[in-house]
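This document opens with one chain alone, in structure tokens, the form predicted on its own.
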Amino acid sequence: MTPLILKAIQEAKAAGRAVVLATNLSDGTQMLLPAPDAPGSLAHQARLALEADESRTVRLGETDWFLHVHNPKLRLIVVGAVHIAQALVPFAAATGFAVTVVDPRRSFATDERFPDVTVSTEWPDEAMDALKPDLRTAVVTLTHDPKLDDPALDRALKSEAFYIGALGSRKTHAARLKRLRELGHDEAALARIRGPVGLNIEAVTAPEIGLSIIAEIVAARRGSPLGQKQAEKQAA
């Protein structure tokens, strides 16, 4: 690895950018992806490796390439420092997510209620603008308050977040979708929202709901048919 490539990888990690180090196994030459001059087939395979979060060897033509994935940490942005959030956060941390809890209500968003977690007391739209959800980010809104949930969902829908979920009944969700339509979001965008949030396990308590949410997030991230079926059912 050349000093230039090593420096580029370190800079990407510091900036939270996903990159892939592609090594030609025939001659040892290396390329950091994405790159504007990369062959299309190699760039495509690198993106697949990033999405799978898995380093791998691929054969392109007569050449074998080893793709070493350097992904930033998975993130979960939780809007609403409520009881369900307190149950969800430990599940998320245990499954590898860096969690940020957003709630401008300072009596809820405290370090005591959310130890060892980043807590933001900014308004959700400001927090989301600063956090910049990407392909490695899940967003969940839990407040039931349109003044807090809607701005967060608006920003999430404009991002590449791989998962967007919102707590509430089907009636609440229908009203939420109407408001988001009025903000200019089309049906394809609105279909990205998992609402009611979580896999349908008949959850009742806060820990059960937290479990259902993290299960759905993992299913969505891993491309599980279970997660896909749930999304299709909610969109119907």
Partner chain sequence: MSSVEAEDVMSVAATWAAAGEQVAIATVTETWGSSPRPAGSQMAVTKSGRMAGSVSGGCIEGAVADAAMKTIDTGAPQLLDFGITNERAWEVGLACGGKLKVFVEKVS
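Numbering follows the first chain given and starts at 1. Please read all numbers here as calculations on a predicted model, not as lab measurements.
From this point on, the text means the form predicted in complex with the partner chain, which you will not see here.
- Query: Since the chain is shown here on its own, which stretch among 138 to 146, 68 to 76, 159 to 167, 108 to 116 would lie within 4.5 Å of the partner chain in the model of the complex, judged by heavy atoms?
  - Reply: Stretch 68 to 76 is the one.
- Message: Within 4.5 Å of the partner chain in the model of the complex - does that hold for a heavy atom of every one of Thr100, Leu183 and Thr205?
- Response: So, no: the whole triplet misses the partner chain.
- Listed residue that, although the partner chain is not shown, lies within 4.5 Å of it in the model of the complex (heavy atoms), from Ser41, Asn200, Gln30, Thr172: After the contact test, the surviving option is Gln30.
- Item | Heavy atom of Thr121 within 4.5 Å of the partner chain in the model of the complex | Contact check for Thr121: no, nothing within 4.5 Å of the partner chain in the model of the complex.
- Message: Under a 4.5 Å heavy atom criterion, is Ser224 part of the interface with the partner chain in the model of the complex?
- Response: No, Ser224 is distant from the partner.
- Message: Can you tell me if Glu51 lies within 4.5 angstroms of the partner chain in the model of the complex, counting non-hydrogen atoms only?
- Response: Residue-level check for Glu51: no, no contact with the partner chain.
- Message: Please tell me whether any heavy atom belonging to Ala220 falls inside 4.5 Å of a heavy atom of the partner chain, as the geometry stands in the model of the complex.
- Response: Because no heavy atom of Ala220 falls inside 4.5 Å of the partner chain in the model of the complex, the answer is no.
- Task: Note that the partner chain is not shown here; using its position in the model of the complex, name the residues of 2 to 19 with a heavy atom within 4.5 Å of it, in sequence order.
- Result: Heavy-atom contacts to the partner chain in the model of the complex: Thr2, Pro3, Leu6, Ile9, Gln10, Lys13.
- Message: Since the Cα-Cα distance for Leu157 and Glu11 shifts by 3 angstroms or more in the model of the complex, is it a contraction (closer) or an expansion (farther)?
- Response: Relative to the displayed form, Leu157 and Glu11 move farther apart in the model of the complex - a change of at least 3 Å between their C-alphas.
- Query: Shorter or longer C-alpha distance for Glu51 and Leu211 in the model of the complex, given it differs from this form by 3 Å or more?
  - Reply: Relative to the displayed form, Glu51 and Leu211 move farther apart in the model of the complex - a change of at least 3 Å between their C-alphas.
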